[in-house]
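Okay, here we've got a single chain as structure tokens, the form predicted on its own, with questions on binding and movement later.
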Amino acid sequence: MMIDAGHQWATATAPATVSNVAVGFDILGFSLGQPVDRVTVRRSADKGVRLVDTGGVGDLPGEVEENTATAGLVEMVADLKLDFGLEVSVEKGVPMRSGLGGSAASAVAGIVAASAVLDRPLSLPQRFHYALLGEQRVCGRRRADNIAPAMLGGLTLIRSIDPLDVVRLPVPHQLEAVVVEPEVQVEVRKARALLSDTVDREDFVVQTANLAGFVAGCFEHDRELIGRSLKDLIFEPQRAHLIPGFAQVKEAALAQGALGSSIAGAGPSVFALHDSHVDGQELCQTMIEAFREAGVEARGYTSPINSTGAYIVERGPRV
């Protein structure tokens, strides 16, 4: 993604994402076509970073050091010793605490927009570095499995954060996603704290084989192999109880013909991957109905895996 710089203001959009993808805890993620966050960054005569609009979302932090859209910008301004300030406005489209990378979308959109108003655009490693700071405000640690697909689009594998090593995996033709978001609250830090520090050796072997099978299935465009591999033996069982109706929703998705289904990120959203043999709208409705039968209201999204990632949608005149 090339970003020309030196504009008075710029607006960037970044998409919702699904991390972990069942078998790739903290290392796999893919981008959705909807929903998206939009962040506008404008040059200001007053130095520093100022958050001027959070889009009416009342529970977004108003302090620039705590808001995911601006936390990275604070350090960026200090590192670059800018002689101008930045005013930031956020339009939240990705729901908070949904497991769909809401913090990453804001962080990425903020950095991409800011890069367009600088005299010299940020390099890709710089954009990742500052976006990761925003993500860290939510989960307490640097994680790129939402940041990478939000930034680059597509399906990404995080081989390493330091040094940064991100691999875009091929997406088989007509592989699409359904995500259903129940009206349930799951805190990221709580969901992570539940995870055991130890892993059964046999489960580790099978999980590693499933991850390898999933990656191989993507390169070979083998949907059946992808479906056989999308089974999480380690982390999903530890978090499933946080989502009322999860087992029924997953069972319904698989019965409808989904290749696989699991928890999106830390939850509570549930995703399913499917190909052209399955109607995405019908699959989405089936999963919503399964939640309702469990006494939980939900809404859903259908989307191809979005190859675009974050980009500039509007920009002002050059400085």
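A quick note: this is a predicted structure, and the numbers were derived from the prediction, not measured. All residue numbers are counted from 1 along the displayed sequence.
From this point on, the text means the form predicted in complex with another copy of the chain, which you will not see here.
- Among heavy atoms of Gln174, none comes within 4.5 Å of another copy of the chain in the predicted complex.
- Contact check for Glu66: every heavy atom lies farther than 4.5 Å from another copy of the chain in the predicted complex.
- In the predicted complex, Ile158 approaches another copy of the chain with a heavy atom inside 4.5 Å.
- Among heavy atoms of Val205, some come within 4.5 Å of another copy of the chain in the predicted complex.
- In summary, among the residues Gly213, Gly85, Pro95, Pro121, the only one with a non-hydrogen atom within 4.5 Å of another copy of the chain in the predicted complex is Gly213.
- In terms of contact with another copy of the chain in the predicted complex, the residue from Glu187, Asp165, Glu183, Asp79 that brings a heavy atom within 4.5 Å is Asp165.
- Taken together, Ile27, Thr198 and Ser229 are fully in contact with another copy of the chain in the predicted complex: each brings a heavy atom within 4.5 Å.
- Segments offered: 240-248, 104-112, 219-227, 87-95. Contacting another copy of the chain in the predicted complex at heavy atom distances within 4.5 Å is 219-227.
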